[in-house]
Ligand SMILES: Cc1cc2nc3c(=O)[nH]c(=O)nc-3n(C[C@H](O)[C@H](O)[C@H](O)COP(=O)(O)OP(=O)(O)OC[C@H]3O[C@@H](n4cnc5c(N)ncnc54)[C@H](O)[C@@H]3O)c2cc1C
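Just the one chain here, laid out as structure tokens, in the form predicted alone.
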């Protein structure tokens, strides 16, 4: 038993507890390091009980489907929580025009459930390679739609294991972010759409798919959109203008198809990917004066001797 696991009363906990779990296979980049302790709760009640028992000084990190995630090689200290598909992966119709989705539901699955329910306004989710938990936290959006336009309320568990219900206003949504307390773990959300003809919804979803296939390296190992768009600019245009299209560090590369995507050509490490990202940020700053901010979430410690400074220390 790990030292951390020994500090937690696991009596009655129904979810899976796995010390030293290698997170590499859970990220779309297929790079990373270990979780000191990975917990996959059975359901919301199980999560609440567990959270109430984790010592106050132990770090808690929540990861989703791994699409917008970079785990550093030194691993993630404390408890890493990943919501299970069995306990948090369902979508149900709960009222006219309303769907409740668990935080582990893939965004694409929510779009498909909305289609089955005859609800418009969800097609943009069909092209986002992530889960609802991350979408709620980051106000995920694409193709002219955003999460904040569909959310009615969100259920969450806090650090002490208490349950909360947040309204749309409570979430404090902004571009690719929210001001909801960082210690809240979202478990599900209530969404509202608008009735629409099936052929109209299918056409919108097809347009999203066509755009992704034409413009994004969707068959590569990637974390999705890497940097947020600065006000008044497109990140990919700034990256292209700085001469970074196709740039490589080790086996990590700026996509030739879409400059705001970093891809693992096969043997990249987390160090390669993050070093490439900081190289891109430094070159864009030198060329344009714009400071790109990461959209991809980076968690964990650097491996000893493999630390990376923001912008490589340029600013």
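Positions refer to the first chain, counted from 1. A quick note: this is a predicted structure, and the numbers were derived from the prediction, not measured.
What comes next is about the form predicted in complex with the ligand, which is not displayed.
Q: Would you please decide whether residue 186 lies within 4.5 angstroms of the ligand in the predicted bound form, comparing each non-hydrogen atom pair?
A: Yes, residue 186 sits close enough to the ligand in the predicted bound form that at least one of its heavy atoms falls within 4.5 Å.
**Q.** Touches the ligand in the predicted bound form: residue 21 (any heavy atom, 4.5 Å)
**A.** No, residue 21 is distant from the partner.
Q | is_contact(residue 297, the ligand) in the predicted bound form, heavy atom dist at most 4.5 Å | A | Heavy-atom contact with the ligand at 4.5 Å: present for residue 297.
Q | residue 218: touches the ligand in the predicted bound form, heavy atom cutoff 4.5 angstroms | A | Residue 218 belongs to the contact set for the ligand.
(Q) For a quick test of understanding: in the predicted bound form, does each of 66, 137 and 142 have a heavy atom within 4.5 Å of the ligand? (A) All of them do, each having a heavy atom within 4.5 Å of the partner.
(Q) Counting any heavy atom within 4.5 Å as contact, can you tell me which stretch out of 122-130, 227-235, 189-197, 159-167 lines the ligand in the predicted bound form? (A) Contact criterion met by 122-130 only.
Q.
Going by heavy atom distances of 4.5 angstroms or less, which of 114, 239, 83, 101 would be at the interface with the ligand in the predicted bound form?
A. Only one option qualifies, and that one is 83.
Q. Of these, 62, 268, 38, 49, which has a heavy atom no more than 4.5 Å from the ligand in the predicted bound form?
A. If I apply the 4.5 Å criterion carefully, the residue I get is 62.
Q.
Need the contact residues for 247-262: heavy atom within 4.5 Å of the ligand in the predicted bound form, sequence order, or none if there are none.
A. Counting only heavy atoms within 4.5 Å of the ligand in the predicted bound form, the single contacting residue of 247-262 is 261.
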